[in-house]
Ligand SMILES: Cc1ncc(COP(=O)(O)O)c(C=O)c1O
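There is one chain below, alone, in structure tokens, taken in the form predicted on its own.
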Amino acid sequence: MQSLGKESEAIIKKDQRYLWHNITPYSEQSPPMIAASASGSWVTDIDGNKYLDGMSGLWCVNVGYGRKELAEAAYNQLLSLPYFPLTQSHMPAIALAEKLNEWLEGEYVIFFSNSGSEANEAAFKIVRQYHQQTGQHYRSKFIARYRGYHGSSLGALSATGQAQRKYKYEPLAAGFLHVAPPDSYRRPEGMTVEAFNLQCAQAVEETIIWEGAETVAAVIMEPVITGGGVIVPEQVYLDRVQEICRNYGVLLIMDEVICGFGRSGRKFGHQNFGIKPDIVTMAKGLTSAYLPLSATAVRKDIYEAFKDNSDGYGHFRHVNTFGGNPAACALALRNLEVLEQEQLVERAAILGQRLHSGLSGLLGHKLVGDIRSFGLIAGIELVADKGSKQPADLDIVKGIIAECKAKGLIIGKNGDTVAGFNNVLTLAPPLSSTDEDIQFIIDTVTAVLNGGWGA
């Protein structure tokens, strides 16, 4: 990698003086990478160094960087109608809502916001009001999972099951409960994977019963826990959770913020399991992160309950100034067209299998306890001891990430989640990545782990 020049040093000083970075400890000794341009799966910094972005930014640049057709879609819309609030309507929002129904393979009404956090916030309010509208006045509680992430705003953070994300921000919103995730790698010795997954699903039912079924409003979960460590459930788990929700009149919210828009090898992650959610939240890959946009898709019959406005409070009294921005909607439509035309959803399934197969040789490494994948998402769990499955020290995790970056590969980790369990390396490259890109990821991660970290 090239060394920093005087101009770069001046830019870094301005960065450190004026810019507050996301979820990153301040460090003068480790200045941030400052990106200048990007194309495909590769990002170039201000010194000309090139990196393969093995995390698609923050799990979001699904079609890759440098898509002129997406920029043109937004530009053309900005010229004709740059903004109009969805207290009324506009054509790009209507067209996108129709297209999302096609992708969801169901009948949903779409509420637009800007981010995954906001999409989940809207979902929580919709669920609580829906139960009020239908006479179930005591249903206000939400069940989520430990290690799951649902956003950084106060309500979404309350649903999040990551204690380190909440530390110093509590107390948060009331009414959010948590159950253990189906982490099959850490199941009790002698228990089958299926039995363990059923036990984890049963914890949802037990919580509903203990809390009082008439007080529980919804269960929220990602199809696969992504940022919390790439925890992949068995089919029997989601089947049982859906059955429990239906048995007790509890709504099921699927958070597709990361798993959606082809990342899983299907249009949405839950479609891999044949699940029919009541509400689906989405963001990130909706625009491949070219512009902010998110959506809360609500089953049509739930929406119907909001038509009764006899008391003056039946309508959904939630507003979002920029949600459903015309340019963002136009760009999202073009993004979905690209995903379809280039068959990137199907491509994600193929590349995901190739990535998992290429990394599987690392299972014999002394630090690698487990390798998990879901479409074009992979997680490598690092352990200090394979027998006890004690998580690897955070310094080791950071060291491996730093060495990968030095070799031109950006990878991630499940950072700031649960104390002692920030030990999973994560990969989620663009769905448009080439075969050579995937091989570069495999070769680089393998070389780093088999190099200074020993075999």
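Given the structure is predicted, the values throughout are model-derived calculations rather than measurements. Residues carry their position along the shown sequence, with the first being 1.
We do not show the form predicted in complex with the named molecule, though everything after this point is about it.
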Quick check on residue 330: any heavy atom within 4.5 Å of the named molecule in the predicted complex? no
Any non-hydrogen atom of residue 151 within 4.5 angstroms of the named molecule in the predicted complex: yes
May I ask you to state whether residue 278 is within 4.5 Å of the named molecule in the predicted complex, using heavy atom distances? no
Does the 4.5 Å heavy atom contact test between residue 116 and the named molecule in the predicted complex come out positive? yes
From 258, 376, 241, 253: within 4.5 Å of the named molecule in the predicted complex by heavy atoms is 258
Single option in 183, 381, 121, 222 placed near the named molecule in the predicted complex, where near means a heavy atom within 4.5 Å: 222
Just one of 137-145, 108-116, 83-91, 203-211 has heavy atoms within 4.5 Å of the named molecule in the predicted complex; which? 108-116
